[in-house]
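Next up: a single chain in structure tokens, the form predicted on its own.
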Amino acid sequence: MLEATQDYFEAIHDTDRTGALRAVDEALARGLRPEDVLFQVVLPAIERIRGPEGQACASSLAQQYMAAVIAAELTERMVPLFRSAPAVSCRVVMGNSRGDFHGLGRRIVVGCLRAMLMEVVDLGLNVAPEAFVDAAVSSGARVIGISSMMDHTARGEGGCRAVRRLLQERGLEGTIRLAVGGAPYRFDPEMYRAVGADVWAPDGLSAGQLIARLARGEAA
């Protein structure tokens, strides 16, 4: 187990997709159960890449992206092999705010959430406020995650402010939580309050973990 975990982490750290998949295949060949591969090899690598709680993330965007994307890929591969099918824990809606076309951070978050067995409705880029709320209502999602990589898309009326207002108008405030992330929030950590979000995260990996806790009804 320790060898598989270390081999997989080193491959992710080196952004070596082939090496990461080979480490998983070798672990399965040695008799490791698919459940153990996911929860004791793949997910711990996300934690290690992110770094210690409360410290600035030292990993690169490439490493974060690799950890999230491979985790999501392996989740789809491993789950059908589980001895008993796991239940989907919660649903989340994700997207970039209207006018925002920078999707890397969102894709990292989506990959992390799927690796945690969350069902994600990924709306993609340039999402209208109404689309966020409509998707959350129709899917039964508990959290809407809004990514904004530019100040004007974070603060503007096409972003979280408008989504919050729609939740209020439809009587959904408190039922559906709002999480935001992206470069503007790192420059101003209190901005999330100004735009009406419940929480924010400084990077894609921690955002996945934070949103998962919110969706399960845990404290942020």
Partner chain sequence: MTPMERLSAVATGKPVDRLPVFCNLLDQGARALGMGIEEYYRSGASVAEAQLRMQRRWGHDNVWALFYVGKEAELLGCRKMVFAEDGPPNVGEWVIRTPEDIHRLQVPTDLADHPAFAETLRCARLLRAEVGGKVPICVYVTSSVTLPAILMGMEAWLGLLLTGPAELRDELLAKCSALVQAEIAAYRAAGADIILYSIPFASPDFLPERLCRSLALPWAARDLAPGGLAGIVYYVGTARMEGMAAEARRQIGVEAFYPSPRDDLRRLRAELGPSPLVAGVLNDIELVRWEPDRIRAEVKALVDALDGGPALFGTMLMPLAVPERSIAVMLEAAYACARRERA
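Positions refer to the first chain, counted from 1. Predicted model only: the values in this text are computed from it and were never measured.
There is another form of the same protein, the form predicted together with the partner chain; it is not shown, and what comes next is about it.
The candidate spot formed by Phe9, Pro80 and Arg114 lies out of contact with the partner chain in the predicted complex, as no residue has a heavy atom within 4.5 Å of it. Interface residue remark: Asp25 is not counted as part of the site for the partner chain in the predicted complex, having no heavy atom within 4.5 Å.
The closest heavy atom approach of Asp151 to the partner chain in the predicted complex falls within 4.5 Å. Heavy atoms of Asp188 reach within 4.5 Å of the partner chain in the predicted complex, making it an interface residue. Proximity of Tyr65 to the partner chain in the predicted complex falls within the 4.5 Å heavy atom cutoff. None of 151 to 159, 25 to 33, 39 to 47, 170 to 178 except one has non-hydrogen atoms within 4.5 angstroms of the partner chain in the predicted complex; the exception is 151 to 159.
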